[in-house]
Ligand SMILES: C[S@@+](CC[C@H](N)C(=O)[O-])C[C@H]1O[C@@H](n2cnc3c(N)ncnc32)[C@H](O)[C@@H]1O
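The form predicted on its own is given below as one chain in structure tokens.
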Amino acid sequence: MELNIENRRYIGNKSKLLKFIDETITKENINFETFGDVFAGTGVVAEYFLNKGKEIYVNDLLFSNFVIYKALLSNEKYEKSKITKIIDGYNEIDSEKLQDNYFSDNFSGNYYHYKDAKKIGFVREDIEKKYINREINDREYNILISCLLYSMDRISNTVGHYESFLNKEPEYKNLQISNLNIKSYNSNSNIYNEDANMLVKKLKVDVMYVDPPYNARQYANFYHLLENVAQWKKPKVYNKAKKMERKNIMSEYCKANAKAVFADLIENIDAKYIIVSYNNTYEAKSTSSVNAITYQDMMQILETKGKVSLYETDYKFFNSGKTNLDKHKERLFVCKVEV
């Protein structure tokens, strides 16, 4: 079975909002050729417009997401038959015969069953060896890592992220690595792994889509394990949740100065239109889900840049914690930039 870009358990996944975003752009009569997404997450929004023939500029602070963009959205060449053969070989591995490794030493008995953890560690190490030995190119390297990330995420002993694991013994799932549905596109993709506030100073696009985190829930905490596997630096991990050091990937948008950071971002965007996704979790029951930037803040900041229109739709968001909103709305601010 081939997995698509949206087949991830990811907080803030916008796959169900693509139609709403596209319809909003149509209502605003926005004609564009270049589209930026600097907090891209899963990458589904950027991929949607790449598929429509637009040149995209896609970015995320997490390296694990960057790897996935390089796998699925890149223009670089790769051999599909080579990828398939390697994955078929991985799926024939007998976990019983594998030795302990970095991953099983740290993540078995908590996030994964011992045998699944041994296989994950072995496969990731083998991908690294193949790349060092030049048996695979950059695109193939990123594809194989992404196939592993998608597949291991589907069997983790979690509620859908890695803030913590379930309070039960992990079941043996006999990890099978799936291929990804890698499409061909007729337009260019520009892929980044940078701080968004710094990156926008270097970009000029027709439409800039902005979807930063607005609350205290750090994505670095939610996806530290996938980040660990993607980077494969084998760092020391700490405490019960087995998190590595991650100060360099903590978002400023999840801190007290979020409003000032957002204002700086908007000021430095060079685009004809700025589209901002926003939701009403300022009414959330969990304090860590409460928005650090209010609706009024958002409107005030965007109005310094141009004329702002507001659109909204009902939306059942991905939730794995205490937040429960019966009347959850997803909003789009559309700012026509005044030059």
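From a predicted model like this one, the values you see are computed outputs, not experimental measurements. Just count from 1 along the sequence shown to find any residue number.
What follows is about the form predicted together with the ligand, which we do not show.
**Student:** Report the stretch among 50-58, 35-43, 268-276, 300-308 that approaches the ligand in the predicted complex to within 4.5 Å, counting heavy atoms only.
**Tutor:** Among the listed stretches, the partner-contacting one is 35-43.
**Student:** K82, Y141 and S146 - do all three of these have some heavy atom no more than 4.5 Å from the ligand in the predicted complex?
**Tutor:** No, the whole trio is out of contact, none within 4.5 Å by any heavy atom.
**Student:** Going by heavy atom distances of 4.5 angstroms or less, which of D126, D105, D195, E163 would be at the interface with the ligand in the predicted complex?
**Tutor:** Going through each option in turn, the one that passes is D195.
**Student:** Taking the ligand as it sits in the predicted complex, is Y219 in contact with it (heavy atom to heavy atom, 4.5 Å or less)?
**Tutor:** Residue-level check for Y219: yes, a contact with the ligand.
**Student:** In the predicted complex, is there a heavy atom of the ligand that lies within 4.5 Å of any heavy atom of P170, even though the partner is absent here?
**Tutor:** Result no; P170 lies far from the ligand in the predicted complex.
**Student:** Given that the ligand is not shown alongside this chain, does Y253 nevertheless sit within 4.5 Å of it in the predicted complex, heavy atom to heavy atom?
**Tutor:** The answer is yes: Y253 has a heavy atom within 4.5 Å of the ligand.
**Student:** At the 4.5 Å heavy atom threshold, is D153 in contact with the ligand in the predicted complex?
**Tutor:** Residue-level check for D153: no, no contact with the ligand.
**Student:** Could you pull out the residues of 12-29 that have any heavy atom within 4.5 Å of the ligand in the predicted complex?
**Tutor:** Read in sequence order, the residues that approach the ligand (within 4.5 Å, in the predicted complex) are G12, N13, K14.
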